[in-house]
Ligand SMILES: C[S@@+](CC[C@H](N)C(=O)[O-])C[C@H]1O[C@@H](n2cnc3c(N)ncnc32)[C@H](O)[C@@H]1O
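Just the one chain here, the form predicted on its own, laid out as structure tokens.
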Amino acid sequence: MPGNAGGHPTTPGAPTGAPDSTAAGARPEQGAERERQVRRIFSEIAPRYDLLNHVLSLNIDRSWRRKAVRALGVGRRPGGRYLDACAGTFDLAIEVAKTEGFRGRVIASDFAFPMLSEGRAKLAGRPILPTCADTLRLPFADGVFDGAMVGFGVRNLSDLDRGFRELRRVLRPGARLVILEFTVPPNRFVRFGYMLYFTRILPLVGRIVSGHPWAYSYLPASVREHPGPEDLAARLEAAGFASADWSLVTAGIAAIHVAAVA
């Protein structure tokens, strides 16, 4: 289940060109090359993205999103404006819009236009505004959002600290940033089964269903190199958040991070 995209502006349509090899394409790159790699992945797998997310996670990802939205605390400002960065096909934004008593608006941004296009049919008149935008260069004024969230997207950013600073910049005092992201389970037995699934089963099923030769090999590689919860919390505070905490879900295969603005 690759996470949502993020980190670079894009134009409508999938990029052209091919990686030199499947192995090379599966490795997370750095800098501008990583931006191109991630943009290509999510542009090309967009038509099968939702199906594979739910099948490969056994639908557990739905409960994770509900927990993440509860942590956002929409009830504190039900008429507010919220940002779903790296929004993909809008699953997290829809969870916010479905919150009882919600009367605000969700701005759902993603750098990959095909992902936004694929998800538009699910919006069904909900107060969600799709925006093709770069999480590293958000096109919003300072302090305009009452909360923000990122679901399975921060590990795809080519500059994680810059992305955190941008998210902090657009949040109002008292707002929260909630990040839902994969992590490596602390228990060694769970970790063994998790990595076996991630490195053997998921790439095979993902390749067959999506038809993409290396997108679902990129996922375990990106999770392995992503900072753990403690490091991520420290980097959120270094980006200007007053506090950052996290909780593990489903035996630690994912984490919900909550960063607060003073």
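In case it trips you up, residue 1 is the first one in the sequence shown, and so on. Everything quoted here is computed from the prediction, not taken from an experiment.
Omitted from view is the form predicted in complex with the ligand, to which the following refers.
Colleague: Out of the stretches listed (187-195, 98-106, 166-174, 128-136), which one is close to the ligand in the model of the complex, meaning heavy atoms within 4.5 Å?
Modeller: Careful reading of the contacts points to 128-136.
Colleague: Please pick, from L72, L83, L157, I179, the one residue with any non-hydrogen atom lying within 4.5 angstroms of the ligand in the model of the complex.
Modeller: Contact check passes for L157.
Colleague: Tell me, out of H212, R235, H226, R65, which residue has a non-hydrogen atom within 4.5 angstroms of the ligand in the model of the complex.
Modeller: Looking at the other structure, the residue within range turns out to be R65.
Colleague: Is there any non-hydrogen atom of M115 lying within 4.5 Å of the ligand in the model of the complex?
Modeller: Taking the distances in the model of the complex, the answer for M115 is yes, it comes within 4.5 Å of the ligand.
Colleague: Would you classify G88 as touching the ligand in the model of the complex, given a 4.5 Å non-hydrogen atom cut-off?
Modeller: Because a heavy atom of G88 falls inside 4.5 Å of the ligand in the model of the complex, the answer is yes.
Colleague: Would you classify N53 as touching the ligand in the model of the complex, given a 4.5 Å non-hydrogen atom cut-off?
Modeller: Close contact exists here: in the model of the complex, N53 approaches the ligand to within 4.5 Å, heavy atoms only.
Colleague: If we define contact as a non-hydrogen atom of the residue within 4.5 angstroms of the partner, is G147 a contact of the ligand in the model of the complex?
Modeller: The answer is no: G147 has no heavy atom within 4.5 Å of the ligand.
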